[in-house]
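There is one chain below, alone, in structure tokens, taken in the form predicted on its own.
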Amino acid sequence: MELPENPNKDNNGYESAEKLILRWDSTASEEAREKMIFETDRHEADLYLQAVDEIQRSLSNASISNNTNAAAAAAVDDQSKVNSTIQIAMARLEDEFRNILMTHSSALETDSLFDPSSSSFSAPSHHELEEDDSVSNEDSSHNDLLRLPLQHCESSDSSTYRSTSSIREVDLMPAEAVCDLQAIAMRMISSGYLRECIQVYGSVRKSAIDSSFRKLGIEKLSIGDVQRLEWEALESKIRRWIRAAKVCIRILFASEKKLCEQIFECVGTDIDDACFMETVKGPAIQLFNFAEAISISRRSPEKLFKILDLHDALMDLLPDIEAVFDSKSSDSIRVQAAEILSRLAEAARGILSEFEGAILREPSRVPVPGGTIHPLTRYVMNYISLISDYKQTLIELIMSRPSTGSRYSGDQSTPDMDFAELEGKTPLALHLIWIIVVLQFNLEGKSKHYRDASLAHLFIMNNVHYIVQKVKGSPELREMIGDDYLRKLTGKFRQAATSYQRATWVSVLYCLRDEGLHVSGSFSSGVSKSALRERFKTFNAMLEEVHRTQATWLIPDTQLREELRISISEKLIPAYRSFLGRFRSHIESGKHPENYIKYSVEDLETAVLDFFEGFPVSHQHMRRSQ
């Protein structure tokens, strides 16, 4: 290789560069230890970078072999001297790099990011992104031109990974600091200090992310820690995680990626991605470990809706996760997110199936007082009403119909369900209908624990009516259940009401028949007064017993209670009025008629109003017209 035309000029350049670098050697000077070059004087910082460039050129020249032994020996000395100088320079640049990062690294101001109405959180339109990009490019170019020793590097803001409108990047550092960091990184990496550069960058930026995590309420919990928490405590943490995850993926991690691109993209292939992963891989794993712990936790019905919330949030974030973590080195993050999503879906399916089984096996045998709505009925119907709120998600997750009993199996412990009658319904709708079928099957079993058949029918009526009202009250649930099945349920509670009336009132009304009261052979005029007195006594006793017991029974639905009372009155009152009209004179012509005709028609009308109120009354309460 030819010698430089002016060796003295090169030597002078090297000596000046060496002098400047040694002056800022923090191991040899107290002043150098106390001051930072890039904080002191912009001109001094530029001179220092030029000095590093000069030393790097000298290192390159010194590595070229010479022909003579003397020249080779001199070259070894020169290279050793240059190596020493470059090590001092790199140590200094590493300190400067760390100081600039620490000076400008702080947690994101997350308060406004949580508010969807805040302009800093709203997802910009594609046009707005393009406008932001053009401004950023101009600013970046202008700042680069202020650095005499720096090579121009185009802004990476137009990178194709920002493909989702929900990503919202923010500038984590001022442009001047970014340019300084880029200048230092270029020189450290070209001198073989890539590992040190990445380590310093990652450690400082990771601390900033940790601070942002604390502000967002993201705790450092292992999967085991999460699974040991009570569910009530986890519910609030899940709500907080969903809000925080959106900020982390769409703002925090996306902005970290942008910063890495700005500083490292022009330095070398994949270096920006290596720094990005060094910075965010640990926090990303910490973030996703929480959702993973929930996805593999013990299943129980109360967890379904928060699991669906997590699933929906992660599904919504998945395109952003794939956009931000788009490189080969971040495969593990994308895979973890996809696997968690899959496990959450499987958990939701499993919980629904286990919920169906739990309803079937619910063991309580103590009858609810007064035949009112069973707590199981309220719980199940409120539960499936909530399920219908997640219709869109569950229609995608539930793809197989429920495992039901067969009408031909002979298994008395499981109800059967005729799918032919429900053709065209989604698997989710079939599961909801199956839950109602299983609930009714369980209620039928519970009704058998009532000693009074009338109360058993009233219990079924109350509970099936409640099921119908809950279905009618939820448009989403009604749409899935369908009016055909709803009519079937309505028919069932009306049939239970009819069965109740038969069980209670057939025997009472039987007392008001004519048969058995007439003396044989004297049909037109002969009435057995003793038989008539006995008939009135029996009627009074039965009516008083029904009044006493059924006043304590409860029909909580006002309209249903009134309808049943009207139905009772329509049968009882005309029958009693007619019987009284035909036979009153036979009793009143004898002794102590008040012992037999104890109640007027108005008394009965009033007594019926006491039925199904849920509290006791005495039979004296019936005689309000006296």
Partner chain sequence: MPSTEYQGISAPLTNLGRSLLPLRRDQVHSMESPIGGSPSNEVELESFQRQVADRFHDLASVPSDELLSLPWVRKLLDVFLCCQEEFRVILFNNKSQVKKPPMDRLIADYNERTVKALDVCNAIRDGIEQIRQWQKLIEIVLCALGGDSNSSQRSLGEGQFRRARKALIDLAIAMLDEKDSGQAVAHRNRSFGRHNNSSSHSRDPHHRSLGHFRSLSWSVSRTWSAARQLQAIGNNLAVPRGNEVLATNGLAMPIYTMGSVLLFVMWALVAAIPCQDRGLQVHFNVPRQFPWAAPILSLHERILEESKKRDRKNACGLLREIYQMEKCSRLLGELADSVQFPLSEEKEKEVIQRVKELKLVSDAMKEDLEPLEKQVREVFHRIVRSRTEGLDSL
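Computed from a predicted structure; not experimentally measured. Residue numbers count along the first chain shown, from 1.
Keep in mind that the form predicted together with its partner chain is not shown, yet the notes after this line are about it.
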Of the listed stretches (450 to 458, 533 to 541, 197 to 205, 493 to 501), which one has a non-hydrogen atom within 4.5 Å of its partner chain in the model of the complex? 197 to 205
Glu169: heavy atom within 4.5 Å of its partner chain in the model of the complex? no
Answer yes if any heavy atom of Tyr193 is within 4.5 Å of a heavy atom of its partner chain in the model of the complex; otherwise answer no. yes
With the partner left out of view, is Arg565 within 4.5 angstroms of its partner chain in the model of the complex by any non-hydrogen atom? no
At the 4.5 Å heavy atom threshold, is Gln227 in contact with its partner chain in the model of the complex? yes
Which residue among Leu512, Leu181, Leu352, Ile238 has a heavy atom within 4.5 angstroms of its partner chain in the model of the complex? Leu352
Note which of Thr552, Thr404, Thr377, Asn289 lies within 4.5 Å of its partner chain in the model of the complex, where distance is taken over heavy atoms; exactly one does. Asn289
Give a yes or no on whether each residue among Asp210, Glu278 and Glu346 has a heavy atom within 4.5 Å of its partner chain in the model of the complex. yes
Partner contacts in the model of the complex for 26 to 45 (non-hydrogen atom within 4.5 angstroms of its partner chain): Thr27, Ala28, Glu30, Arg33, Glu34, Met36, Glu39
